[in-house]
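Next comes just one chain, in structure tokens: the form predicted on its own.
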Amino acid sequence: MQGRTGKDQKVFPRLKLSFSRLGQVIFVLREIVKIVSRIKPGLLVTVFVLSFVWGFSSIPTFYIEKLIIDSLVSSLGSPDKQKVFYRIFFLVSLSLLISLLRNILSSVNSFLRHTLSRYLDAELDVLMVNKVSQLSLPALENPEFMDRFNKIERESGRRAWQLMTPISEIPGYLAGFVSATAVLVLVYPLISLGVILVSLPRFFVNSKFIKREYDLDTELSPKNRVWAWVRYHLTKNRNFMELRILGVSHYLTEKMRSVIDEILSKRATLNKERESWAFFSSLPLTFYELLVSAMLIFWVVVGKITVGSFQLYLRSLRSAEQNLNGLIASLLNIYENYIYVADLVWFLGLPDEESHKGVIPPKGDISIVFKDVWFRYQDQQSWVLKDISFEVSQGEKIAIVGENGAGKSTLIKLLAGFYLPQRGEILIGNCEISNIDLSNWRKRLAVLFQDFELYPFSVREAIGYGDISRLDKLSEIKESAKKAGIDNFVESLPLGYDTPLTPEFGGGVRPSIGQWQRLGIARVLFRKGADILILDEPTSNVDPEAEERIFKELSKVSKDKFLIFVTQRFSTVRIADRIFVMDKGKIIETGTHRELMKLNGKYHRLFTLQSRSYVGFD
């Protein structure tokens, strides 16, 4: 399945873009209308209908204006002034009433369109975060993916409005253009065709520059990523104290300014060229209106049409031009957003990591087997794991020790199915891990990663997320907190288990690293249905007394389960049935604490060094 193999790091297909203008417009209309129809179908239909009615209602106004002007001209010298006054007053009132209705339609439609765009923006946000949570780890770590995802995320806020506005305006522009050209056809059919022909240069010029803007956006993606990271470190990083002690804030600010200057300079150069071409492409339409106006004036002079008809035809011509320009602008806006939507649809169509429905490994007395496993994160990098082979039985407690960079954490990631080996195989029972149902497998895992997540919402949630189906079981959450030795701290808080775990929320606190670690352990212990407990450096920031109590509890709750823990604190490894000593990606020693001490090898040396530090030896 795509995204799960360690043999191929290209975890998703390359996006293929076609710049067929009509094809792009249809593509965007279909995909966005599909999303909006799913969330607010009635609202979408209402917006389209109101837009169409608004566009069609301009011609009655033009016709009433014709009647007013002709009535004024014909009334010159008329003896019945009162009759003329009432007639013209009625027509003016009717015109104002239609204008008022058009204003009401415009205001209502603007409100509904704005509301719809907010729903679309929110839905896109939900779709994106949900998709990210379902993708495989290799996909999320791929630079090509991150460039494109950052572009999608960066554009999503403004694109929702820019997508919804032109789509909702198309019916109005279309109705306005059709009704205006229908009037012009009565005068001279070729006038309408001319409006279309002289508008084409603007369409082609703008579509050309939209393609160039997309290419520039792609070129600038790495720069935008640097911009985002620098901004994060200056505004949202948790290590503000380190930034200020190191004094790097000014350096990072200048780095950010340099990147911004480069990005904006390239965009300004392109925009300057675009505006120049836009000016020249608008000239044919200007000269065409002048030519038609001259023809209509001539017809008035020779008596072929009335002054009111001149007003009607000239207003209809300008209305046709305005509506066609609006229609073209909307289509170009959609065309411009095509690239964004194409990226978005590509992203939403990526295969979920757990969509593969494989074999469900049996519960009960099973074994976990690594057989000649080799792994590296990228093809060009060095091997992180080399020829790893071992077998663990249910009920065993396994400790994995070794220096930093030995491959301990990577081994755990493979066991959880986040990566697959390039060589060898991992068996769960008799099932190869690439063939198992990941969703089912992970329900059996209780894992505390070395860089575990810090959920800030409340203590109850920070622990209860271990098993969200039991999030309302406060008594069991409290029991897990007690086992992890964090209960006294929680109960001392003013809001108890409802206390937010960040000062950014009202009444919140900022736990120490050691307290966070105990909360993480409590989360693992709360995961009741798991029969495989995996902990990566679970007590690295916990005091020795609490550490001993936690490991005693872990030993108790894992009697009939797998317990695998990574540690560099040798005081805890004695509870393990076996200890794996890793060095440079290999397991170089295996045995109990007593057996490994007798070997007088790597484990003996590391244990002795740490023991000396405890008793104050040099």
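All residue numbers refer to positions in the sequence shown, first residue = 1. None of the values given here were measured: they were computed from a predicted structure. C-alpha atoms forming the largest set that superposes within 1.5 Å between two forms make up the rigid core.
Below, we turn to the form predicted together with a small molecule, even though it does not appear here.
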- Message: Although the partner isn't part of this model, could you tell me whether Glu479 comes within 4.5 Å of the small molecule in the predicted complex, counting any heavy atom of the residue?
- Response: no
- Indicate whether Thr410 is a 4.5 Å heavy atom neighbour of the small molecule in the predicted complex. yes
- Would Ala406 sit within 4.5 Å of the small molecule in the predicted complex, counting heavy atoms only? yes
- Task: Evaluate Gln450 for contact with the small molecule in the predicted complex, applying a 4.5 angstroms cut-off between non-hydrogen atoms, and reply yes or no.
- Result: yes
- Hey, of 412-420, 200-208, 171-179, 508-516, which bit sits against the small molecule in the predicted complex at 4.5 Å between non-hydrogen atoms? 412-420
- Residue among Phe310, Tyr377, Tyr288, Trp227 with a heavy atom within 4.5 Å of the small molecule in the predicted complex: Tyr377
- Residue within 4.5 Å of the small molecule in the predicted complex by heavy atom, from Ser133, Ser469, Gln82, Gln381, is Gln381
- Message: For a quick test of reading the superposition: does Asp451 move by 2 Å or more at the CA between this form and the one not shown, rigid core aligned?
- Response: no
- Cα displacement of Ser107 between this form and the one not shown reaching 2 Å, rigid core superposed: no
- Message: Is the shift of Asp379 between this form and the one not shown large enough to count as movement, that is, does its C-alpha move by 2 Å or more after the core is superposed?
- Response: yes
